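In the block that follows, a single chain appears as structure tokens, in the form predicted alone.
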């Protein structure tokens, strides 16, 4: 709260209520991260369903939502991926006004660098595919890359010279915590119960239909249950006897000390393997590939960070004297085709949202919108229909390993 005599407006002690769970809800969402909160908000706003509980075993948005590198883009290769990510990007562009909360969405553009002739061919193909789908995309030669980001090393005398890159001007970054708080505040205002420190320990299923969840705070009956637990979704789904085609891996990131503004855009490189942006406060935010082993630990191996630093210095020699401030890890759930699973399950009224791998944050408003539609109507939204669970038996895969820009 603002102090006596202060000219600052009063700020509430809490942005949302912290209620006790009721014994039953129309919809229970398992997972209080960005996707769970966005889904709850759009259930209430778009469909008038407000008897909703979001169950989070820790604190709201304390998982991957607090641990990602905040990059937002929609320049994916296949029509299905471009559709849902472009829908998300359009929602991002009006989200601050919609939520009436600052999210610091900065459309500074994203560069994906190409370092080999095959990179160039794949990148140009993706640019043309993006244009056909109405996604803003450009192919830049090395000189144009330098104009967009002057600190990138475009010398031809390095191990992986920059031969060009794709550029999406509308892409950028946002403040991940603010995004979560904005969705939580707005959902709470519409009547959604946000229940923290409430771990789901079992799913109640009768005659092939889900009827409720067992939690550390007692049983909660539910008309519909929607899973949105990222790297732990496979663990929760197993309680319903569903064996998901997911592997969970640690994914590490780090930030530097605070610096003056030096990096005007977002740069990603899948060959030397690093992606870098500069946050609003001034720290460099860097990510790399996943740790190759499976696990649920929110930390990873040191050699991944070491290689990440090596890649960053090859692309940005100016960073040589910067100091690492802290490192951390999240848990990413990866599918065989590097695309998400969103939709129905073999259990009636049990819904699934998982498998976003390293692309979950950028999809937050888009998947919330589409997942809410799926839950409210019992039918997949057209934008998430291609990402059904049964594609792994029909063979209708959406292979985004290349456009994911992170080694899976």
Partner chain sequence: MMLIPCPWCGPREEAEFHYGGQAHVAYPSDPAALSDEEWARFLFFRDNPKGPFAERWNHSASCRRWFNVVRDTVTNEILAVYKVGAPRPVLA
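Worth saying up front: this structure is predicted, and the values here are computed from it rather than measured. Residue numbers count along the first chain shown, from 1.
Beyond the structure shown, there is the form predicted together with its partner chain, which is absent from this document and is the topic of what follows.
* **Segment assignment from 291 to 299, 220 to 228, 103 to 111, 139 to 147: heavy atom within 4.5 Å of its partner chain in the predicted complex** => Correct option: 291 to 299.
* So, in the predicted complex, is residue 243 in contact with its partner chain at a 4.5 angstroms heavy atom limit? -> Yes - in the predicted complex, heavy atoms of residue 243 and its partner chain come within 4.5 Å of each other.
* Asked: Quick one: is residue 397 in contact with its partner chain in the predicted complex, heavy atoms, 4.5 Å cut-off?
  -> Yes, contact at 4.5 Å.
* residue 265: touches its partner chain in the predicted complex, heavy atom cutoff 4.5 angstroms -> Contact check for residue 265: no, nothing within 4.5 Å of its partner chain in the predicted complex.
* Would residue 232 show up as a contact with its partner chain in the predicted complex if we use heavy atoms at 4.5 Å? -> Yes, residue 232 sits close enough to its partner chain in the predicted complex that at least one of its heavy atoms falls within 4.5 Å.
* Asked: Of the residues 247, 215, 154, 211, which one places a heavy atom within 4.5 Å of its partner chain in the predicted complex?
  -> The residue in contact is 247.
* Select from the listed residues 336, 94, 169, 202 the one whose heavy atoms reach within 4.5 Å of its partner chain in the predicted complex. => Of the candidates 336, 94, 169, 202, 336 is the one lying within 4.5 Å of its partner chain in the predicted complex.
* Asked: Quick one: which residues from 38 to 63 get a non-hydrogen atom within 4.5 Å of its partner chain in the predicted complex?
  -> If the 4.5 Å heavy-atom criterion is applied to its partner chain in the predicted complex, 38 to 63 yields only 57.
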